[in-house]
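Next come structure tokens for two forms of one protein chain, structure 1 first, structure 2 second.
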Structure 1
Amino acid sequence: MTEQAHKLHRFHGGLHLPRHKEESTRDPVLPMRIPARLIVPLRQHIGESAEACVAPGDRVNKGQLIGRCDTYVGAAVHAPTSGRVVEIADHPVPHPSGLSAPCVVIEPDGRESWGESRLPPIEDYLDADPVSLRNRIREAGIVGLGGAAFPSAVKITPRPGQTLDCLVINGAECEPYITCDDSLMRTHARGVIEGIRILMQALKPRCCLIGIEDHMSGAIAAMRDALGGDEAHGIRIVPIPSLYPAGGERQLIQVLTGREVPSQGLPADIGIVCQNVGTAYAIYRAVAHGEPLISRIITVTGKGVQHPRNLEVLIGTPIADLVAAAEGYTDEVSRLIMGGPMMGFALQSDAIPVVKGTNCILAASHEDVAPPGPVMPCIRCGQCAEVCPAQLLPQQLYWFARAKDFDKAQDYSLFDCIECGCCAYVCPSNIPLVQYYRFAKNEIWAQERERRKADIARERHEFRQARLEQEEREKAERLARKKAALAAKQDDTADDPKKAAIQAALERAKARKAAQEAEQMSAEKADKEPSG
């Protein structure tokens, strides 16, 4: 079985792109000097933001918790080095919007002192209990380093009734220019393999497949070396054909296992967990050395920098420092992109810090990212559908997104689009297709949010309405009661015994008086009669 070639599958579409990987892999990974300032965003992951648990002026150790996150989907944030917290404030963060978000700004003291902040290493990790491993991964603030930055502890926790039987390790790194995973595997293959073994201990899958694009011969050799062959400990290294986007989670799973993640579903729905090689290495550091996720390897490349290379960078380092470590800009630089040319986004400034999910800074020259020609009408050529790895109909999605017919767009599985950019790359009419899909997805989310807000407002309005009516009714009732009471008072005079008694007495007195008067009158009459 060991000698048998692993059966590979194919995903639909895909592109052969110019790789541009050699530029940044000529030199070994350079550990960067500690920068003058670290700007550490409190939200570097999918999920809730962490909350700062230090204050300006505080001294922090390397690895000390600075942002706590108690929600299930979230990740803790740690101080990348020792120093002083100078500020907790909004700063521009890496995001397509260019907006600011809360960050902890640290002035390093250069001592790199851990103090008491190192987590206790779990030495016997291959015998450790899965729960303690998962807890450690959570504590160390580890998120997917492939770019999506989804909290790893969540990903490796099966939901009730779910069995995760296959671990897929993503070392494909299919996007042009990016070489950080390649460098990591070439320099830290042993750590990566140990990280994978920790993941296996936490998950107990039946199989584990590492997918690496076949042009990365150095990385494949180093990984084989570290594993002790093509297959050991239930782990198998599988070189896969270089085809963009083979490193997409769904695509890699399909290539390696032949299984398809259902539409709108997750790999976990078919029993698979996919983790990036960088994540595996971070897990190894956290478990075996007690180090939270505070640094990573990042590629700085493109014609816009003098010396493209890979750097080992503290999280929170401003991009300008990375560019300086690559010996500065060239005259050709025209745009800064975080990520690769296909799925990355443009940055507004190089003062923005790098985060856990940053894999590449592409300082692109004008020709690297030649602006597409003028946008022309869709000629329904169907090329976009041919290359779409998600087997969608990009041209239809484009029409629906453009017409803001979001229901239809969802009927055509808009949310299965991985925004790989293949369709836009081949479109002869230069239509910015992916932008339309992003626009449509965001609008749908926003409508969802507004709908929820409207529901709350409706409920509160109806509640108020009911309350006002109730008050109105109570007021009316009170009024009615008052009136009734008043009326009753008048009637009451008749049956009040005391009053009746007085009345009776009065009447008796009156009667008596009348009788006396009558007597008197008759007496007077009688007096007069005898004389007459």
Structure 2
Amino acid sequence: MTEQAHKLHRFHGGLHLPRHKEESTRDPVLPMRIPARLIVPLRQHIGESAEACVAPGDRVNKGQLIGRCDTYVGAAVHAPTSGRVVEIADHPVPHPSGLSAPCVVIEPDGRESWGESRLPPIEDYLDADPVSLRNRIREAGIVGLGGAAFPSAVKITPRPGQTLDCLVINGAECEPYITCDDSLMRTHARGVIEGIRILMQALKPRCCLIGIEDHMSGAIAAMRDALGGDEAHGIRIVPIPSLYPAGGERQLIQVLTGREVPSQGLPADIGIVCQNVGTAYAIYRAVAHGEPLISRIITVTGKGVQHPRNLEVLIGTPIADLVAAAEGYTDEVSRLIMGGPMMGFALQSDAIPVVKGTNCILAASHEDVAPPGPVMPCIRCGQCAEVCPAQLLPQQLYWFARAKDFDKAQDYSLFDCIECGCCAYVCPSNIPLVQYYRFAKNEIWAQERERRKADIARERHEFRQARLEQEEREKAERLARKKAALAAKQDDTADDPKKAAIQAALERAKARKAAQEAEQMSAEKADKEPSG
């Protein structure tokens, strides 16, 4: 079957953006030296945070479990190298708010000793039981490396009665500047393909489609060589047009299959699971080599660094070390951004560590982050709706968010917004539309949390009232039982012949005594009367 035989589809909207990819792909991936200190956050994924299972002063081996997460939606955390735990404390972590979170701080010893921490490799992984593969993926702490960091073991666990038709692999690195997936496919194409085959063994889909943007010619060629052509083992490589945000999960699925994920739904609802190429490679390393997710490729780029390139980095490495590996800052640096210019967020400091979901550190120049100009009133031009890949009405959402009419915003599918930034990019009035949508979402989430708290408080109050009423009923029932028992006792006394005879004897004795006392009183009275 030829490449042209696969029909491509088109999602609504999108933008052709300057790519800025060549700057960081001129050189091969550089493995970074071990930093002087690793700051490993215990929460690097969607879901519950892991709990530290080591203590300050402990010696740890490379790959050793240092954060356990027993909840279903969660991921384990492992030591990126061997060394000593110096503290477990709150440190600033990658987040738009600049918040701090619990981290395990490790001082490497430079020996890279695995000890007995390496998981046993699964030799026959292409014939392995799907449950054992999912368990290994969970043990290895693997999460989605495309940005969302959703625990992979959960994502590839089908619901009861669910049939998966297609596995979609996301190699469409659509956002400007980011090239970590491109470099991964060029460097480790064989491992990526083997990881995809492991995913197919775990999911048993009918087919697998790998979407790679057509300008990534080096990655496409490397993947074809590793696969043995455009199609093999039920896997097909499909070059797709370069259009932002073609790398969005819903948009890529629509381009490759023509199917649309329903509003507020999941790809699994239409028989599809989507995984990133980096996730596939991490799964291969975990299954075939017993390595948990402790490192990844990260793009360090922008006019703010001397030598843009891709680095293979241990999780927990401070961003300052990445910048140093890119030969330091230039005079043009203005802001550090984690992610790309469209969907990334600004960092407060370069002392913040990288996490599993870190794909790019963009050292932007003044020109790159120059204010777009004064915000002006909306002129209702409709350009935002034309480019919205989710087919929303950004103008209406803006008005509802601004007016805090959150019910209406939800009626207009606010939560289908993927925050790609296309609407704000084309807005002639320079309105920060995405910021309004994020504000509305956060307010709705806050209201939901308050509603849940109120529901819990109401349920506790109702439970207390029910408990008090039950106690009153039980008290009344006990009193009634006591009275009934006393009445029954009196009835038993009246009905017992022996007790009745005794009572009658007592009554007769009492009557005789009373008669004797009366006779005595009469005699005494007679003695006192004078004789005639």
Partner chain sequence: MLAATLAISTLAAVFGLLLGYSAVRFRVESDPVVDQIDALLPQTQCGQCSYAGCRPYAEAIAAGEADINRCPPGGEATVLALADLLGRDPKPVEGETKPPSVAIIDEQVCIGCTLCIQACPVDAILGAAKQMHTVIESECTGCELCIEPCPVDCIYMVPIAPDISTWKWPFPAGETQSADREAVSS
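When a residue number appears, read it as a position in the sequence of structure 1, where counting begins at 1. For the two forms, the rigid core is made up of the largest set of C-alpha atoms that agree within 1.5 Å on superposition. Fair warning: this is a prediction, and the values are worked out from it, not measured in the lab.
- The form predicted alone is represented by structure 2; structure 1 is the other form.
- The chain behaves as two rigid parts between structure 1 and structure 2, and the smaller of them turns through 23 degrees against the larger.
- Aligning the rigid core leaves the CA of residue 479 displaced by 14.4 Å between structure 1 and structure 2.
- In the core-superposed comparison between structure 1 and structure 2, the CA atom of residue 468 travels 8.0 Å.
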